[in-house]
Ligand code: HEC
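The chain below stands alone and is given as structure tokens, in the form predicted on its own.
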Amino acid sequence: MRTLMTAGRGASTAIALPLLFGLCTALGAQQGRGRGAAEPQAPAAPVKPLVPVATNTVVAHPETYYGERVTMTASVQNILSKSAFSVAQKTVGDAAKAKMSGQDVLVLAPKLQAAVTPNAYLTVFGEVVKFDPEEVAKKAKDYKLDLPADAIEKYRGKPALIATAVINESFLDLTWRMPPPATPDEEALDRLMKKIQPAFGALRGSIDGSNVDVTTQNAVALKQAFAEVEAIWKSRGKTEPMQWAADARKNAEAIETAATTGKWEAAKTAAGPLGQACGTCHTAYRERFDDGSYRIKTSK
């Protein structure tokens, strides 16, 4: 389910729509400007807060908002392409729509993943620009504008919003790239990763504290978990991640042996590559989606 998250897209706890404001830390000027002294650095520009604004206000005073980061809550008026639509304040009936003609604001959503619904209420986040295809290309370098020619001419020179988020009435961000349903292998890998991470964290602490019982317990747990990971990749015919899992299993075995014989330096040596195993495999074979979940890369 596509949900708006707390501290960015890496979090996994759904919450109501947040407005996150903050300022970048200014860099202090260095003391002294004698011969050979470093030049002072200018303070970093503060991040502008998002400005809540109505569409008709932007239409009436566009120059005030060009370059500003804003939020607009309005209804969808026209769906213009797969990534573009216009919004205006809520209207009821044909007469009201006619009265609001020319009061809509073009929204360009380069990362839109799901279609918007006509007349639906949305909250859009983004930067206001004076619409021109060349200006859009500068602001959204990887975006291929897909507006029809008549729409380009209709909105040229008018205020438009390049959206970074499009939130519907259920607080779902329609710009998020969501994962396909998990396969049994993916569900199994997810369960194993949730066992491996805390076990490894406990293991590192117990090795540093020379705690035989805790080290042995977690080394055994990791050994079993990596054996299951190894089997999953073997069943998929992927020799590289299968070998990484096998190496991790062997390092867990080495730590178990080292702990029972009091060879703590050997345990620390084996813990290094063991800790790198998951990161190496994730980078090469697992893909992270905007809700924080992972899937096996389809290209692998």
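Here the structure is a predicted model, which is why all the values come from computation and not from measurement. All residue numbers are counted from 1 along the displayed sequence.
Not on display, but discussed next: the form predicted in complex with this ligand.
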Tell me, which of Leu112, Met72, Ala225, Leu189 has a heavy atom within 4.5 angstroms of this ligand in the model of the complex? Leu189
In the model of the complex, the one of Val107, Val166, Ala219, Val229 near this ligand [non-hydrogen atom within 4.5 angstroms]: Val229
Among 271 to 279, 64 to 72, 255 to 263, 51 to 59, which stretch sits within 4.5 Å of this ligand in the model of the complex, heavy atoms only? 271 to 279
My question is simply whether Ser210 lines the interface with this ligand in the model of the complex - judged by any non-hydrogen atom within 4.5 Å. no
State yes or no: in the model of the complex, is some non-hydrogen atom of Leu145 no more than 4.5 angstroms from a non-hydrogen atom of this ligand? no
Hey, in the model of the complex, is Ala245 touching this ligand, heavy atoms inside 4.5 Å? yes
Since only the chain is shown here, I'm wondering whether Phe200 would be in contact with this ligand in the model of the complex (any heavy atom pair within 4.5 Å). yes
